[in-house]
Structures are given as C-alpha cells and as structure tokens.
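Form predicted alone, single chain, as structure tokens, below.
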Amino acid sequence: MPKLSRPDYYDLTRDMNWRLTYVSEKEAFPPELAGDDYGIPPAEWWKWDEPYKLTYREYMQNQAEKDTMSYSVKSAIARSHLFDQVDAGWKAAIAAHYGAIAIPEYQASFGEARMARFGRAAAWRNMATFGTLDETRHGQIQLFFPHELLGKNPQFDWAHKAFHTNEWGAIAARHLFDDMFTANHALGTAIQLTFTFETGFTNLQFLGMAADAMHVGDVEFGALISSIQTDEARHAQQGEPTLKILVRNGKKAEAQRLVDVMFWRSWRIFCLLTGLSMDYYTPLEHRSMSFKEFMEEWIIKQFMDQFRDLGMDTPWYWNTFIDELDWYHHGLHLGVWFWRPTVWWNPDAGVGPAERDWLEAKYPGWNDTWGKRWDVITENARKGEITKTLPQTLPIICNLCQIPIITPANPGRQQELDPYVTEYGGRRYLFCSEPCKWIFDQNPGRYAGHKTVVDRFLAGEIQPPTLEGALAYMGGPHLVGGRDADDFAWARDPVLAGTR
C-alpha cells in the first residue's frame, strides 16, 4: 500500500463525524453524560477545531521520550543526596502537592474518557482520547515518584492515602474535583476542567513550579512537573473551541455560568495550594515573584485576554476576587499552620525577619494585619509555650468549598464578617463568601446534604468527640506531619527577638 503523507490523512482520521440514522442524537448523546445540546444543530459541532493537532503515532513517540527523560533524571538523582539538602519548606510544598494532586490526576482520566465518548465532535473525542492517556500517566508518575521517597519521609505515603481519608483538605479537593469532572458531563468538563481550571490555572502553575523546583535544587520534581505541563498545555485546548461554539450559537449565558462557577471554585483550592507554597514555603532567595504578582501577570491577564477574545464577560464577582489577592491566602496560611496537626505535611511558618520584610514589601500593611497575629505566636514559641500555638477545637468550614472560613485581618476590608447563610431542605448552610453561596443557590440539589468534617463532628459521627478523635477520623495526619517545618528556628532568631 502507498504510504500517505501526514497532510493527506490527518483531517480524515481525526474528524470522522457521521449523521445518525438508527438512533437519535439524544440516544447517542444523553444529556446526563454529554450535556445539554441547548438546541445547537449537530452540524455546528462539526466545526469544532482544536489548535493543537496530533496523530497517535506522534503522541506515543512524544510520551515515550518524556517518560524516558523523567525516569532517567529520577534514577540519577536517586544515587545522590540532593533531596536531603532541599529546604524544609520546599519539602512541605511537594508533600502537600502530591497528596492533593496525584489521585485527582487519575480521576481526571474519567472526565477525559467521558469526553472521548460523549463529546459532540469527532475531533473533540479524538483529542479527549489523548487526554485520557495523559491523565492516566500523570496519576501513575505522581504516585511512583513520591513512593520512591518513602524511605526518606513517611509523609509521601499520603500521595496515595490522602484521598482515601476524611482529612479536611482531601475532602475539599474531592468535593471540587467530583464537581469538575468525576460527576460532570462532557460539555461541563470541557468548559470547567480544560478551559477554566487547566488553561486558566494549573498549566501556568506547573510552569512556575517546575522553575521554582530547579531553583531550589529539586531537579527530580522539576523534571516531573515539566513533563506533565506539556501534556496539560495540549489537552487543555479542548475547552476553547467548545466555548466558541456555545457563544457563536447564542449560548453565552450558559457558558458564562459554567465558567463563573468553576473559576471561583478553582481559585479557592488553587489559593490553598499555590498561595502558601509561593509566599511561605519556597525559600526566600528562590522566590521570583509573589503569589499576587504571579496571579496578576499570568492568571488574570490570561483570563482577561480570553474573555475579551471570546466575547465573554469577567465573572460578576471579579472585584471580590481581586480584593482577595491581598489577604485570603495569608489567612489560609495562618490557619493551616495553626491547625497543622490536621495536615499531612509540616507547614513552614515562613515569618522570620527577612521573610516578614519581603511580605511587607509585597503586601503593604502585612505587618499591621497578619504580622500582629504572628507576633503573639512568636512570643509563645520563644517562651517554649508550644501548646498555645496549637488548636483545641475545629474551625467553621464552608459548606461549598469545604475550606475553613477566613475573614480579613482588617475588618474594615469587609462589611460583613459573619458567614453567608442559606436555608435549604430544613438545614442551615454556612459559606465563606458570596460567590460560594451563589454557587450553592444556583444548584442546591447538587451540593445539599454533604457534610463538612465539623458537620460530622457536631452530628456525633466522630467518636470520641474530641480533637484527638477528629484527627483519628481524618486518618491520623498528625502521625506523619503537623509540625513546624523549621522547628521554630524562625521564632528563636535573635534579630526577631530583639525587635519584638
């Protein structure tokens, strides 16, 4: 047989659509799995066109090369002591990353597989098939790498364990990812996972993390994240052409709601993981920019460009989001550090004299707001009264994002400091923000009934009803983590002691 050149066969093989005659569109693409067709003619989906075109042969060759590179680097590093020399704060960052991301990467393959079967366009289904393979690989490699580090630190067992526990952070991540792709239809997954979450957040985050890892000296993690990011950049392209078809066919409002819901939900979990890592866990000498600067330069600018180019609007809560860049992750960091027995890594306080100067420079007013709280903690730590830096009970948790409710350190930044409330089905639900309440109110049947760790505690489902009982219920994160990453060296710093 004659061998065809790539241009001669590519479009035919990646776009094999056909008109259904034996079954209806709804039978082949049931709304529960494919998503509402919004009355868009089937032929409109034939115009779906991904910007990143790839054949199966090219895909396999590229992936083999990536795996060869990643595992070769790992093999070489395993014979050295580089990881032992990495900063304790950076170790906290990657331990948190593995526990929160490894299993969800595998779960994302379910969402990709759903698009590979129920995506309305053949080209979309073709791209999602590659995405299914991508996410399977990402789950496997991000379980293998931390498994090899178990001999150095038992926290890396939580890369696999976290999502099989009731630890509050794992519950928050599960709640988000189930909403985004595990229990989502194909259309929603394309808009909410590949456009909003991957294109808007994680693709650029992985670029930054890979660079930071190399600066810190964690070559192994840098190589791993780089190999994943290139996959993300490709299969994340499924969202934009899907969004274009919705907007072009008069369904902008429906597309806008999908984006608005998941942008806020993504921001919440992204802030928890990346905000803490960038501004507190990464060694000061290796910080290229603050978390706020990163968000402004990469995330916000990218979304603003995309919204404008696609004819979309910024989410209605945009001003709230911009305001939170100044304070929200600082509150999360203080809370995670204080409730550190509830997490599987050792949070790095990151508030030594030099770090505080940097935080004040990047976030003017930090010392007068968050710094005052850390002053009290520092004084107790310096006196050796460590029990005063530990919790005696549990915080209030948002019934939508499943993250403890945070309010600004300066009450003047927010009119209402009480939780936002909704009554539904005879139950009272508490929320950390107006957008979280709005998301719940948009579709209460999807979110009602779920209980936070605190809800379960108050309902008597956690026994004994003590902090120790709650920690055991969470899977015992304090048995491997939950200590200050630097063993309070920052509090004993003579410079700090002389200025407080």
Partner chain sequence: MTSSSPSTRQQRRQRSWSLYTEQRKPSEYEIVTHRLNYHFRRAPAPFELDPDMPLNRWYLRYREGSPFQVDDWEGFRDPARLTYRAYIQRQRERELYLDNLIDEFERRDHFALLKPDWVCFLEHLYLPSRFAGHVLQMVSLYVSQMAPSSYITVAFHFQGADEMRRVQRSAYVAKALSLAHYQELADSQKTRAIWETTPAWQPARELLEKLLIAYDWGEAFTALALVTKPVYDAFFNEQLGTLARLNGDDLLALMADDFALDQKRHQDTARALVLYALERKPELRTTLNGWVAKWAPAAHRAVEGLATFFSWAPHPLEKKAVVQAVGQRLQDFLKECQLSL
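Residue numbers count along the first chain shown, from 1. Because the structure is predicted, anything quoted here is derived from the model rather than measured. Throughout, rigid core stands for the largest set of C-alpha atoms superposing within 1.5 Å between the two forms.
Missing here is the form predicted together with the partner chain; even so, the following discussion is about that form.
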> in the model of the complex, does each residue in the set H215, K301 and T314 place a non-hydrogen atom within 4.5 angstroms of the partner chain?
Replying inline: no
> Is the gap between A253 and the partner chain in the model of the complex 4.5 Å or less for some heavy atom pair?
Replying inline: no
> Do G425 and the partner chain share at least one heavy atom pair within 4.5 Å in the model of the complex?
Replying inline: no
> Is there a non-hydrogen atom of K91 within 4.5 angstroms of a non-hydrogen atom of the partner chain in the model of the complex?
Replying inline: no
> Is there a non-hydrogen atom of L224 within 4.5 angstroms of a non-hydrogen atom of the partner chain in the model of the complex?
Replying inline: no
> Which one, 333 to 341, 278 to 286, 356 to 364, 302 to 310, holds residues whose non-hydrogen atoms are within 4.5 Å of the partner chain in the model of the complex?
Replying inline: 333 to 341
> Though the partner chain is not shown, can you say which of T230, N380, Q107, S290 has a heavy atom within 4.5 Å of it in the model of the complex?
Replying inline: Q107
>> With the partner left out here, which residues of 165 to 200 have a non-hydrogen atom within 4.5 Å of the partner chain in the model of the complex?
In response: N166, I171, R174, H175, D178, D179, T182, A183, N184
> Core aligned, does the CA of D486 move at least 2 Å between this form and the one not shown?
Replying inline: no
